[in-house]
Every structure is written in C-alpha cells, then in structure tokens.
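Heads up, the chain below is alone and in the form predicted alone; it's given as structure tokens.
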Amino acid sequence: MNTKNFKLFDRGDSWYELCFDQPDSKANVFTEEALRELDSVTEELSKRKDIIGLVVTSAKKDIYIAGADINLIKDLDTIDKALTACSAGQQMIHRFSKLPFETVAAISGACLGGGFELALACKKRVASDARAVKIGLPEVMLGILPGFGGSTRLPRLVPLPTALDLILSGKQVDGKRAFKMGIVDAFLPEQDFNERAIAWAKQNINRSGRNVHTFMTRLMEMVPLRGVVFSQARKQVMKTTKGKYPAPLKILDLLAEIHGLQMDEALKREAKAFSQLAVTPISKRLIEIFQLTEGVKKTNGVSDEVKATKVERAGLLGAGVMGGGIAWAFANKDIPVRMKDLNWDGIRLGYEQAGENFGFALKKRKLTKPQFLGKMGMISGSLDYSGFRNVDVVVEAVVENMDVKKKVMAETEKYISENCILASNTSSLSITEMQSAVSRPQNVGGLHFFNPVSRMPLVEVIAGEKTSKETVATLFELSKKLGKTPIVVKDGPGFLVNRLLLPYMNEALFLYEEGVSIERIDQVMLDFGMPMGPMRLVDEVGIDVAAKVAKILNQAFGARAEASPVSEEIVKSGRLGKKNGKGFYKYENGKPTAVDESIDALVKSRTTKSARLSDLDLVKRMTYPMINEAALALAEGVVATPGEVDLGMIFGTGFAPFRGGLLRYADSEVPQQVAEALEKFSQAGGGERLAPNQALREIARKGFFYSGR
C-alpha cells in the first residue's frame, strides 16, 4: 500500500492514517506523480473491507498540502489541455471523496489550493491551533479558480456569502477562524496533534459534521435573495478590480450556474470554467509574479554561503508617523523595538501610528484585546540611547537630509555593539556617503520601507560601496521576517523604484503643462490599471517632495532627467498636496473630493500642445520613459534581473499586476516599438528627456527584456 509520497499506518480499531510525506521536499505539493499515487492508493483503499475510518495527515512541519505544482498550470497553453488536466486531477480527488468509510483531514499547517480541495473531499476536517495553519483557496490570485472541486464543495459546506468571500479574495484563515466559519469540525491543540486528531475521529465517527447554516443563511441561498447576494458580490468585485481581472467574474458566474446542480455536473462545469481561465495571458502573468515572490523566499539576497545574523531586538531613530509604521512592523512580528526621538511629541506620534495599525487589526478581529496590548508592549520610547547596546539592528528614519543623517549615524555608533547593523530608511540619499561618517561602514546599509509601511509590501535593501554581504543578507532576511518582499538594490540616486517612478510622474506634469487636463491624465492611467493616477500620486507624495526628488535626479542624470517646472511653480503658491489639503485635488478630512480647477491659473506656462493626443499616446508618454530608465538601471547593475524590476514596480508602486510588471509589459509592447515611439516623442519636442537610451536600443536589438519570453 505504501508509495513514494504516501504511507499507510494501522492506528487500531480498524482506523488507518494516510500520511503525505513528499521526499526531498520541505512541502507537500500535488505534482502529477503525487496525484497519480493518490489515485492508486484510493483505488486500493476502496477495495478494503477492514477499514472503518481514515485520517489524512502530513509529515511536514508547518505544511499540510501547499497545493498543486504551479508549473502544471503555467504550462497549459490550450483550453483542451487545461480541461483534460483539470478534469483528471479533479476526478482523482472526487474518487477519493467516494471512499466507503469515514475520512478526516487532520490539518496542522498550510492547507491551500488543491490541498484544501482534498480536505473538502474528506467527510470531516480538524485543524490545530498552530500559527502555521493557513486554510484557503488562493487560486484567484493566480488568475484561475479552484478546479479540483473547491468551487463546488465549499459553497455546499458553508453559507454562500462565506464561500464567496473566501474564493473571491483568496484569503487564508487560521484554525480558529476556520472552525468558526464551519470549514473544520474541531479545533485541537498543536501538541501531539495527529494523535489527538485520530482520537477525535474515532470518538466522532457516528456524528455528522458541523452545520453552521442557519435559517437566514438558507434563506439567502433561495431565489430571489440569492440573486441579491451575487449582485452585491459583483459590485464589490468591480469596485476592487475595475473589471481588469476575469477570474473573479468567472467565479461568480460559475457559482451562480452550479447552485443546486448534481455534484458530477457541477464538477464538469467547474473544470470547464477553470480551463477557460488557465490559458489567459493574465493568468500567466500572475503566475510569473507568484514565482518571483516564491524565488525571494528561497534566497538571502547574496548567496547561500553568506550567513545572516538573526535579529531579535531592534532600535529606531526618529519616531513620528513613518517611524511608528516601522516600529509597528517589528512589533507585529514580536520583535521588541525601542524608538528614540528628540522629543516626546515624536515618540507620541510613533505610538499613535503603531496603535492605529494594530487598532485596525483589532477592529477586524484579527487581534484580540490581549494580543493588541501585547503587540503594543513590544514598543518602547526614549529620548536617549538607553537600551540600544543590546539591539541587533538600528533603523534610522530621521529627516531626509544627508548632513543630519551622517551626524545621527556617527553619534549612534557610539552606543551600539560592534556587530549591530545601522540601516537607513532613506528614499534617495547615498548609503555610500553615509558610510563615510562611521568607523564600521561594513555594518551600514539601506532599508527603504515604502509608505504606508502597514500596506506596502516592498523593501529596498541597499548596498553601499562598503556594505558587507553579511549585512545585506541580514537586512534581506529581516525584511522577509517582517512579512515584506525585499529586493537588493545598488546604491545610486533614487535607488530603483523612485528612479523609475519619477519619470512617470514627471511626464504627467509635462503633459499637464502641455494642455492635458488633470482628470484625463489620471483617468487614462486608472484605465491602464494603476491604483491611482499620477497627479493624485504627486499630491500623495507631496508636491514639494516630488519637486525636490526630481531636482536630485536632474542633477545626477542631466538632460535625460529634465524636471518639469510645474511642481516648483505650484509649491511657490503654498500648495504641498494632500499633507496641507491643497494640491491638484481638493481635500476634506484628508480625502480627495474633486480636481481643484483653480490650480490652472498658477501655471503660467501652460499650452495646448498635447491636448489632442490619443489616450494610447498619453499612456505611452507616461509609461515608456519608465521602461527607458529601467533598461539603463539594469545595464548599470542597480538590480540584477528584469524580475526584480517587476517585483519592485508591482509591490512598490502598484504597477498593474495583470500586466506582469513594467518589463513584462515592455515585452508585450515589444522593446523595438517602445524605442521607436520614444524617438518620435523626442523629435516632437521631448528632446533628450524622451530619447531612447543606448541600453534600451541594445535590448531592442536582442529582442526582449526576458530572454525566455
């Protein structure tokens, strides 16, 4: 009965344990081989007359079943292939569901995608209270839907709104939440979990699984209320995705279509819907992004030979709003952090920001009151360096001024241990220059968080000229521990993300100066898939900050980074954007209400030169300069790969994920055509600012940014 991936153990009283233990792997994944073996085991088990119950367990630490092999989905290039592959896997799990005895999934780790679909195919499920438990159907994040029975079985197990929420969002829940939702039938302690699960299964063999349906939830699944549920879900999907992602809409169509159908027919329609999504370019792009993020988890940013230092305590220089966000990031992962500021008002702001972030989790019931207090207790404040001698890393988040930062770093070095790392949260200033102010430059690097820290997943780990590999590895691993996606960036003006983002915002300002309205500039980029328009983004960043950074890049790169004069003209009038409620938009209580048309009178240089450009040309004017600069950044080794550029732009700016990132988008546009379009813009008055650089011309000559396109 034992196979390469599955082992069967006799647990007495005619009960057996089927343990999934994929060899030479930290995780259990449904490869083609593993699925075939499961089907073979299912066939043999179905013939056994001596079994009254089977508990399905995992031998992996923190993993139950992580899902299906992503490459099996990525390689599907026709609907027929996708339908055949999906139907095969789906029917294997369906055959398992028909075993003529009790089956119980014992979940004590990540149970995702196909893994959760196998659990749903069991007659009962139990979960542990381990922190590693994550139960969910994340397929929508890959541009597909659950195709191994999850789309069919989950809505039959829990109320329709609950099932819609899980399938449409791809959210993952812990064991306690899964129990409350009715996904699992018991919630057991982590210690000796498999033994407890087997004992529970034996004790509850003659009892039906939990039923969390109520009169109201049943009523909501009946006509006409069912239509209202789907209608509201569709409105929320359109609000969230703006219709750019086909998977959520297909999920809604499928679940409405299969409601009340016999299981076999519902599964057929589920497989058909999966196959239609699996071959879309959007799914392929989302899978590529997923694989890039998974790649980050397997590296330390340098090499396997370099060992990172474990960070157990942290210090923070400069509290305030940004510092409070960084303090929250440490405390959220149970790393004690000590904030230092010049006055108690700064410390208070830091506490308030951290409290606001934790308060949001408390409000959403992701934290209990005791947990909230425990997290806040991880943060302490001081006006001196007391406690800094014992920290492993100090993050500097003081004012963005080189002289101030150098002075603070030189002073701080006196109060920390010789091995402590000093990391600057600068967004644009040279790490190499900061290193000149300290005696241990090898311990100094950049750790650039993006604002707001609680929501932005990217961290740029910046290596100065003298930053050691150990420092880079430590900051990289720390970023991952904080739940962030790090990329290693070479020191230089704007690093990576700001260096690429500024041409985008700068070109939007030039278009505004050339007669294109604020509304139109923002709308075309919203339609393109950006989370907000560039003019709104300038307001968010701060018109004064945008002007300052544009000037820094202009000084560093010369004519190709020519700065629009618009922002400086507007700053002189006292408008700073969202922070003082006066910008390209009007604000009430910190929220934009409408474009402020009075701003037009402040820009004396406005013309009508570009007012008649097509929407497509407007998009090209704003996105192609980013591609141009990205080509140069790659040539200069700011980052090592196109994938890092795409991770940076997606997680640092919100660049439309369904387009695969900036350089996947560039390849879809064809670099040669991008270069030709930039040449036309240059000759039409853009000059050197819009001229294709040599690095882009070289990419165009070779073909594409991604060689394996």
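Residue numbers here begin at 1 and follow the sequence given. Please read these numbers as outputs of a predicted model, since none were measured by experiment.
Below, we refer to the form predicted together with a small molecule, which is not included among the displayed structures.
**Student:** Using a 4.5 Å heavy atom cut-off, which residue among 346, 529, 182, 492 comes into contact with the small molecule in the predicted complex?
**Tutor:** By the 4.5 Å heavy-atom cutoff, the listed residue in contact is 346.
**Student:** Within 4.5 Å of the small molecule in the predicted complex, heavy atoms considered, which of 162, 427, 276, 430?
**Tutor:** For this set of options, the contacting one is 427.
**Student:** Does at least one non-hydrogen atom of residue 78 fall within 4.5 angstroms of the small molecule in the predicted complex?
**Tutor:** Although the small molecule is absent here, residue 78 would stay clear of it in the predicted complex, with no heavy atoms inside 4.5 Å.
**Student:** Mark residue 340 yes when one of its heavy atoms lies within 4.5 Å of a heavy atom of the small molecule in the predicted complex, and no otherwise.
**Tutor:** Yes - in the predicted complex, heavy atoms of residue 340 and the small molecule come within 4.5 Å of each other.
**Student:** Indicate whether residue 134 is a 4.5 Å heavy atom neighbour of the small molecule in the predicted complex.
**Tutor:** Outside the cut-off, so no.
**Student:** Quick check on residue 323: any heavy atom within 4.5 Å of the small molecule in the predicted complex?
**Tutor:** Close contact exists here: in the predicted complex, residue 323 approaches the small molecule to within 4.5 Å, heavy atoms only.
**Student:** Work out which of the listed stretches, 139 to 147, 571 to 579, 399 to 407, 373 to 381, brings a heavy atom within 4.5 angstroms of the small molecule in the predicted complex.
**Tutor:** This holds for exactly one stretch, 399 to 407.
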